[in-house]
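Next up: a single chain in structure tokens, the form predicted alone.
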């Protein structure tokens, strides 16, 4: 059997379709028998789409890149997949091995390029590597901590004859729990004077929302979200939820000032920017999860859902926390109506898209978006890496499986991967997009305002973009919203991809100390 057929059989038997990619000459030999290929107009978009679909579906997805140019184009997205712990198999074509010694065009050491951005990397040496490498790749991608893996596919390998034994796909279990550790942690919680709980993105990965709420309500102590979570963490409408921790060490310290024990369940600490305060000095820190890699405290590797279920046997009421009511919210909404401030825009958006999955690359509006639209199971996704350009392809990937997906994105971020609109149109992917246009990189202007005030009005942080016309040029329906935002109703109608541009308040938000 020819190598290209072995490759195609392995993809089908391991349930890896569709393949996302943008092929070149070095990939064509491997693609001769591929049954389902989603074409993107830039290599990086294929990684972003696969990332979104893999996270939403909970299944390993596959990407096909064009040797060095495609791999290099995609490195930011591969880094994001690493940070998001997304299980991906990333492949790239490689030059014919028989003349690599001459360093022909499109040849490069791809394993060196991808470096430690993946969990596993391998360049095929012969045709019988294909079956073994593919199965290993999927297994390693799914093994906690989950993440992307990489295979380099030399052209001549796909023309060789080899043998193939039909592979059975395998079920992977994450049912890991340590009963003695659960008892130990529960005892520590009950002995603490004033514990706090911080839930992280694994609550969504393992669908532990019900268990998290039951645990939190029984304990009664304040619940926070991990800083900069890539997924939903807790029911934001529950009054025991005290809000998301901000990523600065000083702000985290202030939020947890009165707590002696902090238990992170399914999450970790992410910091930015640097602040001179040591992080949580003198606190007892416990981290519980499968994918996290904490740099401090005590770590117990186990499934957070199973931990929460088991620990209910050993905990009792400890606190009586309830979040204070925000009496200023109605006032904020009223005051921002004429200027289309973030609070007002998100409040109006919620009326039409409350039951949608939200993909967030609004950056300077992210905290407001999460606060108002809230968290729910498979209801919120963002890039853990801080990358711009991920949101549009990732939301397109999710929308291939879920017809109710809303991307909220800034105008600067939108331009990074605008070619995704072509793929939306070609495959009729029903993604709805809100572009918050403020004609600037306002997250950078906010950072400058706090740390480098002489730069906040720098001309290279501002621009004017006719987003609606760009979208229309790809055949995507697009409108610009008026001050009453009635166009949100139009955006929610039907299953065609649509873009709504909202000209929001252009004042620089205060997002940093």
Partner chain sequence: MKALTILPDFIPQEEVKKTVAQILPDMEIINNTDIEKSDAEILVVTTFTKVDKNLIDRMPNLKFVQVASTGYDNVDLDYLRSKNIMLSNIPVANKQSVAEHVIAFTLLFLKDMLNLNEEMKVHHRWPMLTGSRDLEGKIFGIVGMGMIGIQLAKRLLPFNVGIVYYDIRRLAPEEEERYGLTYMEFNDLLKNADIISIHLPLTEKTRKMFGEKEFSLMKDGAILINTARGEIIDEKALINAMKKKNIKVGIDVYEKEPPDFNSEIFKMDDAIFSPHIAGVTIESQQRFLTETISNVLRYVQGLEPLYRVI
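Computed from a predicted structure; not experimentally measured. Positions refer to the first chain, counted from 1.
This next part talks about the form predicted together with the partner chain, which is not shown.
Using a 4.5 Å cut-off to the partner chain in the predicted bound form, not one of 115, 144 and 305 places a heavy atom inside that distance.
Note on contacts: among 443, 292, 133, 280, the single residue with a heavy atom within 4.5 Å of the partner chain in the predicted bound form is 280.
A heavy atom within 4.5 Å of the partner chain in the predicted bound form is found for exactly one of 327, 105, 101, 257: 257. Listed stretches are 485-493, 501-509, 7-15, 20-28; the contact stretch with the partner chain in the predicted bound form is 501-509, by a heavy atom cutoff of 4.5 Å.
Among residues of the shown chain, residue 253 is one whose heavy atoms approach the partner chain to within 4.5 Å in the predicted bound form. Although the partner is absent here, residue 460 sits far enough away that none of its heavy atoms falls within 4.5 Å of the partner chain in the predicted bound form.
Though the partner is left out of this view, residue 37 does not reach within 4.5 Å of the partner chain in the predicted bound form, counting heavy atoms only. Using a 4.5 angstroms threshold between heavy atoms, residue 479 stays clear of the partner chain in the predicted bound form. Contacts between stretch 431-456 and the partner chain, counted in the predicted bound form as any heavy atom lying within 4.5 Å, involve 449, 450, 451, 452, 453, listed in sequence order.
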